[in-house]
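A lone chain, given as structure tokens: the form predicted alone.
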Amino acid sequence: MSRHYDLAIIGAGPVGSLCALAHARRGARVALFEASPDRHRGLKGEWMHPPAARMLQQVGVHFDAPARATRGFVVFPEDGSEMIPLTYPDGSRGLVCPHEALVTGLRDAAINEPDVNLIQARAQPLHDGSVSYTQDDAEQSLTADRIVGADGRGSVVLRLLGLTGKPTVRSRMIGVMLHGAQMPLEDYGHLLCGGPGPIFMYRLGRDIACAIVDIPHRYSNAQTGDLLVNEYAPRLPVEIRPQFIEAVHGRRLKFAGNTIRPRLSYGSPRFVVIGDAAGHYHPMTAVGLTLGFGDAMTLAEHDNFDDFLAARFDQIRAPEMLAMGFYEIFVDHRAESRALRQAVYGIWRRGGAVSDRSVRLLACNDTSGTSLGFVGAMVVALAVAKTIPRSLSPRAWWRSGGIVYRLGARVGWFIRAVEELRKSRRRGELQNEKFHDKLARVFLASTSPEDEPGPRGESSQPDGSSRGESSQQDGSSQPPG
């Protein structure tokens, strides 16, 4: 017999469960579908910035051990220089929680609401607003005023809307589970640069830590073990290396693909996508859960879909560009990206207003496009200043000119992309393809296949020089990052 709900949510992971809980607290009747209750056991999101932690408090969901409060990040530059702590501003705290515990806690809170009905079945949304599913060997269906896809990157709602597209495959992610490891700074996320790709490491429990390793796709699966031991382990602090190597040899590993798919659309008033179904980025800046929770809470706060779009437009632009920008700076092997990376290190080491604002952006406490533009301009200006040679060598000035030219080209395309974004907003669109075409000329490593020339013949030479131009690497980074 057909039943009717205010909302049908497909996917009872963290974002879908929070969405169900937030809507039910506002009086909505919710059908919450989950086809694979155990799918949360892989390598999935566990780090939440302060806004995500506040959202959990807002709905009254609290996590005890092994969940831990986090204070920010610490960055280890690739040149082996002193680590750079980046503490969350104003004493705010984030949260890190094992994914399985996070899902269980949020799902239990949702289904304890009298107006949430958990249906463990594979759901198929239909264009007429109904959802079909099989339960107890019987075909069943229900209808809903709104159907929400919170079912991740392969969302069935995305397929229904014809919005799947083709995400950019960047690399493979491997989670190495470290037993008995001591973090250099407890309650901080550790970003280790250098090597073939970056490492993001954090405490996950009293006796366990997780090191998420980014492996470029040019390396085969057969190379993984030797690569982790010989190329990545030396980047770790000395006191952690034995546990890392032991975990690799013991195969205490989790695997996931790293794809980047910017938020092109949230769907339509009747069929909405949120979380990873709407878009996803490299996990290095850990914005996934925070943006997904924001989608869920904002959707519950706005009955009108256009109001929801307007609110999210203002809230996601800076975090998503920051996520792509940081990935670009820390993994790209072109000379202009190395110059930007050294400029970022310099700003963070000096502290002050620019550093504080950059950390607020990183924490998602500040989602202002103006703040992002200000910080970005200061980073580019410092990178240019540091590029100017202190000698009269024609070769040095030639290299400096090439780097400045390429930085200027990227800034120019970024300005064009922002203008295209403004046009989209005036037309009531979230984004359009022209915006991403222009953005692809800014973030070459994030949007172009590895080891291929970037848009319009951009070179992928290790130093960013054009083909045929001789150059010398400064040794500050091994490609990429």
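The model shown is predicted, which means the values in this text are computed figures rather than measured ones. When you see a residue number, it is the position in the sequence shown, counting from 1.
Only in words, not in the display: the form predicted together with a small molecule, which the text now covers.
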- Message: Using a 4.5 Å heavy atom cut-off, which residue among A335, A247, A296, I212 comes into contact with the small molecule in the model of the complex?
- Response: I212
- Query: the small molecule isn't shown here, but in the model of the complex which of A385, A256, L185, L126 has a heavy atom within 4.5 Å of it?
  - Reply: A256
- Verify the flagged residues G45, G152 and L289 against the small molecule in the model of the complex: is each one within 4.5 Å by a non-hydrogen atom? yes
- Item | is_contact(Q58, the small molecule) in the model of the complex, heavy atom dist at most 4.5 Å | no
- Message: Within 4.5 Å, heavy atoms only: does A35 come near the small molecule in the model of the complex?
- Response: yes
- Query: Should G197 be counted as a contact of the small molecule in the model of the complex, where contact means heavy atoms within 4.5 Å?
  - Reply: no
- Query: So in the model of the complex, does any heavy atom of R241 sit within 4.5 Å of the small molecule?
  - Reply: no
- Message: If contact means a heavy atom within 4.5 Å, which one of 108-116, 341-349, 271-279, 186-194 is the stretch that engages the small molecule in the model of the complex?
- Response: 271-279
